[in-house]
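A single chain comes next, written as structure tokens; it is the form predicted alone.
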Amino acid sequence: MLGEKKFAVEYVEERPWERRLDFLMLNPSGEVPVLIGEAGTIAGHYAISEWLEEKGGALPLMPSSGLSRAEVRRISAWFDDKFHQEVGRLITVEKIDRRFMGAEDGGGGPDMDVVRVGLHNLNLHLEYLTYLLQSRDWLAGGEMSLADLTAAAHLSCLDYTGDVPWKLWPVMRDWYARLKSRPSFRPLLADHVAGMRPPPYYADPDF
């Protein structure tokens, strides 16, 4: 979102499971993201996204009509809540997050039974998203919006571990290829997890 709006920002890595006191002073919930800037400190991706949209920038990511804005929020919440609980939490947390957690925080190797449940659920979500894209240019309507960026952020984590069966879902693959081709997405595709390489096609828009 910052890239599409062409807002400059310095990224700081935070491991929320460590619950650092300095970070808890910024956001008592202990969750990322937190934005620190001229307006002060804003915590939580919903609050940050709304604030960035109100600030303006190069590209609007929320439509002007009330019903269309509601649909963008619905799809964004779908990914942040339902998709995360049924898919991302079961795959990304198991395969990536637990690698960096200490034993006292639940770290260790992935539970593949949990991962398999997530993979099953992933296909159910991809089926629904394909249904949406069969009648829309983008997930929430005719223009790219915050809903597409939210969805792509979640799916890029799964793509990093090679768990998205793109060949089975060509409509979703074409949608994701359009997002991967945008300049705002390139820094995300260039960011690697320490000690874990993505598949060769991960950063290729023509996958």
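Nothing here was measured: the structure is a model prediction, and the numbers come from that model. In case it trips you up, residue 1 is the first one in the sequence shown, and so on.
Below, we turn to the form predicted together with a further copy of the same chain, even though it does not appear here.
A.B. asks: Taking 54, 70 and 77 together, does each of them reach a further copy of the same chain in the model of the complex with some heavy atom inside 4.5 Å?
C.D. replies: Judged in the model of the complex, 54, 70 and 77 all sit within 4.5 Å of a further copy of the same chain.
A.B. asks: Do residue 123 and a further copy of the same chain share at least one heavy atom pair within 4.5 Å in the model of the complex?
C.D. replies: Heavy-atom contact with a further copy of the same chain at 4.5 Å: absent for residue 123.
A.B. asks: Does residue 161 make contact with a further copy of the same chain in the model of the complex, using a 4.5 Å heavy atom cut-off?
C.D. replies: No, no contact at 4.5 Å.
A.B. asks: Does any heavy atom of residue 42 come within 4.5 Å of a heavy atom of a further copy of the same chain in the model of the complex?
C.D. replies: Residue-level check for residue 42: yes, a contact with a further copy of the same chain.
A.B. asks: Hey, in the model of the complex, is residue 116 touching a further copy of the same chain, heavy atoms inside 4.5 Å?
C.D. replies: No, residue 116 stays farther than 4.5 Å from a further copy of the same chain in the model of the complex.
A.B. asks: Could you spot which one of 165, 170, 142, 66 gets a heavy atom to within 4.5 Å of a further copy of the same chain in the model of the complex?
C.D. replies: Spelling it out, the residue with a heavy atom inside the cut-off is 66.
A.B. asks: Counting non-hydrogen atoms within 4.5 angstroms of a further copy of the same chain in the model of the complex, say which of 81, 137, 111, 127 makes the cut.
C.D. replies: Filtering the options by heavy-atom distance leaves 81.
A.B. asks: Using a 4.5 Å cut-off on heavy atoms, what residues in 151-185 are near a further copy of the same chain in the model of the complex?
C.D. replies: None of them.
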